[in-house]
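A single chain, nothing else alongside it, follows as structure tokens in the form predicted alone.
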């Protein structure tokens, strides 16, 4: 059965004191807890990656980067390479987040380059796809999702669920308080899983976790997890609070999936 992933994307929030307090609260709650197939992931800003790894080393929480460079090395001030992340022992990194696409003009081709760089360095990408409100209102959701999948995974070989995760994040639901209903999210998750089936194989499609991202919080995560193709959340604001993050882990543990 697929893992249920509770992935927190902290974006550009929290200072050193905040991070230490969060880690203390999380570690004390999760050190002795059997999480079964629930996989907690946290993606802090770059300066705190090693700190989270150290402070949460006795828990099941995995640490992810929020992005990675499309370049292997060189004169790219401010960039962080996949090889650098590998040297820290990281196993996951987010690519293609809508904020990167919108604010940094990242095309599907650039996202693909980053994704390939991560895979070449044994880091599992969490690939984000999603449509804007204008695209949804124009009934272009499926078209946009398929364009992003085809562009970002063009000629990319996938062999197992260990190679990648995919996160569907409708741009209109990120940080707005609006959330796709379980049925709306399920519809797109089904499109993604069908694409994986036709592009790769049924067996692979059945294995790869597909997460939902867009104002996920303790109040709505149970309904999302009840959908057959939703395997967890890529969570923003609610993952910044230790009590809410732990609550979502507990809800995932009690999920019937």
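Positions refer to the first chain, counted from 1. All values reported here derive from a predicted model rather than from experimental measurement.
Below, we refer to the form predicted in complex with a small molecule, which is not included among the displayed structures.
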{"property": "In the model of the complex, the one of 215, 59, 69, 66 near the small molecule [non-hydrogen atom within 4.5 angstroms]", "result": "215"}
{"property": "Position in contact with the small molecule when the complex is considered in the model of the complex, options 117, 173, 145, 84, heavy atoms within 4.5 Å", "result": "173"}
{"property": "Among 182-190, 93-101, 146-154, 71-79, the region lying within 4.5 Å of the small molecule in the model of the complex by heavy atom distance", "result": "93-101"}
{"property": "is_contact(residue 249, the small molecule) in the model of the complex, heavy atom dist at most 4.5 Å", "result": "no"}
{"property": "Heavy atom of residue 169 within 4.5 Å of the small molecule in the model of the complex", "result": "yes"}
{"property": "4.5 Å heavy atom contact, residue 14 to the small molecule in the model of the complex", "result": "no"}
